[in-house]
Each structure stands twice: as C-alpha cells, then as structure tokens.
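In the block that follows, a single chain appears as structure tokens, in the form predicted alone.
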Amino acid sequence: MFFRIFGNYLVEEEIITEVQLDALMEYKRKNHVRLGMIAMEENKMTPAQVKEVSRLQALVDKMFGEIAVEKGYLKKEELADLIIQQSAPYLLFVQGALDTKIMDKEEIAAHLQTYQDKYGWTNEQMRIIKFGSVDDVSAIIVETEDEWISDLFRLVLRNLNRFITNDLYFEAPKRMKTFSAPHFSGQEMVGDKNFMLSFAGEERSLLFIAENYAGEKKPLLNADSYDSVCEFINCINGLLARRLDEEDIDVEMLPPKYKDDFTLYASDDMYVMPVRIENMLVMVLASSGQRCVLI
C-alpha cells in the first residue's frame, strides 16, 4: 500500500521516474512473504490448513490470521510472532530505495514531510499510511457522506487485496451524477435499501481482475471474462448483504450486468473511486438510494 501511495506521489512530483518506481515495486514483490507462507515455513500450519483458511476468506469478511486462530490452527501469540516477521511496507520501501540507490534516508524523510504537509495528514495518519494495512489506510482515505457506501468501498479494496493483487493504489471517492467508460461490469441490490456496485474502465484492467479471480488466463474481454468479474462483484456484494441482514435490512441481489461503451446515470449521487491495480486504472462505482440507469 505505502509503495504505491508514496511512490506515485514521488513520480507525480518528478522526484523519481516511472522506471525507478517499477524497480521499487519489483523489489517489493521479491521481498514480500504472505502470512500463510510464513506459517508453513515455521511449521505452524500445514499446506492443507493454509488452503482451507484462504478458501474461507472468500466466504467471511475476516483476515487470514483471524480465521486461523478461530480454527485453532494458530495461537494468538504465534500469530503475533508471525506478523512481526512480515516486512512493514514503509521499512521495506526504505530498504528498497537504499539497496537500489534511488534515495538515501535523509531524502526519503524530507519528501515524506513534504507529502504530509501537502495533504494535511496528522502524525497518526502518517503512521497508518506508512505501516498500516489496506483496511487501515482505507479507513482514513475512503470517506463519503453515506456510511454504507464507505463500507462498500472498503470491502472492495479489502477483497482486491485478498484475491487480485496487493499492488494497490486508490484515491478518495468523488460524487458524480453520470459516468461513461469503454467497459462496465456491475450488480444491483434492491429491497429495503438499493445499492449498485460496478467496475469500469479499460479492457486490460477488467481482464486483470477476471484472470486473477478466476485463476486462469483470459486473452479477451468477452462473456467468459466478464462473468469472472461479475462473480468477484457478487462475492463482495454477498458480504455486504450479510451485514445488512444482521441489521434486519432485506435486500435481493439482482443478476450482474456487463456492457461495452456505456453511460451510467444515477438518480441519487453515486461515488466513483479511482483504483490502480498493478498500476492499471479501474474505476469503482457505488451508489445507494434510487436505482441507476445503464445506457
């Protein structure tokens, strides 16, 4: 998370180049270890247990470690030790910048202060940006006037991180009445409350989601690949529907839709959140209230 947030800022300010940022991202990829892998390496969990916990993540809105503890595969103390072994994103960025000779510590500290001043982050918010998870960072960046929409966006980011890629960068959502894009895949929920969630953008960004969620190569954005994107959206909406049910809010998930060259009109304001996955832009659209019209 920190690599893209701070790295993209450095590129936008022409402090480093896209090539240098790519080198840092490659460094991150080579030095990142998933919690499940660490657990297996430390003989704390078997491969079968790791696979089971990963599968359960698609059904319940919980982190890998939470599920592993609940299943009795890890003790809380063991989980804490494993988490410590994972590389903190900020420290990994500093190490990568030093090892690749892109920047020294003094330069990094100076640019961090300029970044903080530009966006008005508090020291606590900067600590979250430097060391926090996608959940932590989205809690301070993803804010809308509709609490349910904010929660839905955070669910999206959490599941993009889980199932698609950990190379994420996102910006604060913006309110819009209409939105157009070359490709669209979305789903509505109707009932006591109406919701719409969709992904829109260029072919390669939606294909990337389809391939990584389905776990297979998809050369074209056709009905088959659109179906995979729709399945991913359905998974996210299913988690929201369970939360709504806990509050006695009844909703029905309609069949997902997909369309090329579309315009979406919202009777109530919808929110659009730009998200970069592997630096490919995808726009996440969400609204509640009146139903949207797709043309």
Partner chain sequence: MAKFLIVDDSTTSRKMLREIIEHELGHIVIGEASDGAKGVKMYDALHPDVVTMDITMPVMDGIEALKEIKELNPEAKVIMITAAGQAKMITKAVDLGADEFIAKPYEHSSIVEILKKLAL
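Positions refer to the first chain, counted from 1. Computed from a predicted structure; not experimentally measured.
From this point on, the text means the form predicted in complex with the partner chain, which you will not see here.
Of the listed positions (77, 106, 117, 216), a single one reaches within 4.5 angstroms of the partner chain by any non-hydrogen atom in the model of the complex, namely 216. Of the candidates 253, 37, 63, 56, 253 is the one whose heavy atoms come within 4.5 Å of the partner chain in the model of the complex; the others do not. Stretch 224-232 is the answer when you ask which of 22-30, 63-71, 224-232, 44-52 has residues with heavy atoms within 4.5 Å of the partner chain in the model of the complex. For a residue to qualify, one of its non-hydrogen atoms must sit within 4.5 Å of the partner chain in the model of the complex; all three of 159, 162 and 241 qualify. The closest non-hydrogen atom of residue 245 lies within 4.5 Å of the partner chain in the model of the complex. Taking the partner from elsewhere, residue 187 is found to have a heavy atom lying within 4.5 Å of the partner chain in the model of the complex.
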